[in-house]
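Before any questions on binding or motion, here is one chain by itself as structure tokens, the form predicted on its own.
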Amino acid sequence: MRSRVEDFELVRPRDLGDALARLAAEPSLRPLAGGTDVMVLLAAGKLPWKRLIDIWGLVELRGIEVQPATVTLGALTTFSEVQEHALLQGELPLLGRAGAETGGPAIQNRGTIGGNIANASPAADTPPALLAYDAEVELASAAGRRWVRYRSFHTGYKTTVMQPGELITRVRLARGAGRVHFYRKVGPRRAQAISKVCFAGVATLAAGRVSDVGIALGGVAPVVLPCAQTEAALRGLSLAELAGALAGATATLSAEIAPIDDIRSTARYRRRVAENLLGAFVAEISARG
């Protein structure tokens, strides 16, 4: 059953300050950015919020700022804008690869980084890349602003550390050279499909060793999952030691994830794919030697 548009109210704030004031006065207001998830629920008659606040026009949430050590993306940065940004493509390419996997051009032109985070889907395409890069998220409210490490953002299925009245405003990532970037999305078809498993890996190499590594998966747990124990199994190894450590790292990964059977796939399939993708990531690191 489709929704009746007249049953809903859309509030348009003047600027970010006005938006935060309205959210403070009415924390149940649901932010509407690109609308790619909200409109699906609306069309299906399953949109639970009757009042929404339209943040699409807030210029304070737009733009990509490059600093010597970091890159900061406004929450309204679209997947298309990420793909078109030269520095992101060169230094943080997993963001562009994830954006290219998110729906088709129409979705990529409207879907936003902040919206993908706030929607909190465990099968989302961009969050594994953000986790692998150890991103930080800025949350703003009428009371002030705070930065939180994205690894601590998701607390359970569709739940986050966001407090009533807070809005995602920016995402910050560290720049870096000498890194191996790996991203794979496995779904029922090559385009416009929700992932069964999504794997993002980043390894920093120094003096022939894996000096640091970030690994995150989507579709294998109630949240988009950073795999800290698997990272620890690989961190500090020489390139020559990686092949011998793969079996142990794979067992660690298998213990960290918690896939389920659902309409899109089986737990057994998801686990095997996750293990195989870890092997492909390790092979990619080794090939740099």
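Start at 1 and count along the sequence shown; that's the residue number. What you see is a predicted model, and the numbers here were worked out from it, not measured in a lab.
One more form of this protein, predicted in complex with a small molecule, exists but is not displayed; see below.
Each of G35, V40 and W49 is positioned with at least one heavy atom within 4.5 Å of the small molecule in the model of the complex. Taking a 4.5 Å heavy atom cutoff to the small molecule in the model of the complex, the contact residue among A118, L173, L88, V210 is A118. Taking R30, R62, R235, R264 one by one, only a single residue has any non-hydrogen atom within 4.5 Å of the small molecule in the model of the complex, and it is R30. Proximity of L167 to the small molecule in the model of the complex falls within the 4.5 Å heavy atom cutoff. The small molecule in the model of the complex is not approached by V220, whose heavy atoms all lie more than 4.5 angstroms from it.
Looking at L94, you'd find every heavy atom of it more than 4.5 angstroms from the small molecule in the model of the complex. When the small molecule is considered in the model of the complex, G187 lies well away from it, no heavy atom lying within 4.5 Å.
The partner is not drawn, yet in the model of the complex one stretch among 174-182, 96-104, 211-219, 144-152 has residues with heavy atoms inside 4.5 Å of the small molecule: 96-104.
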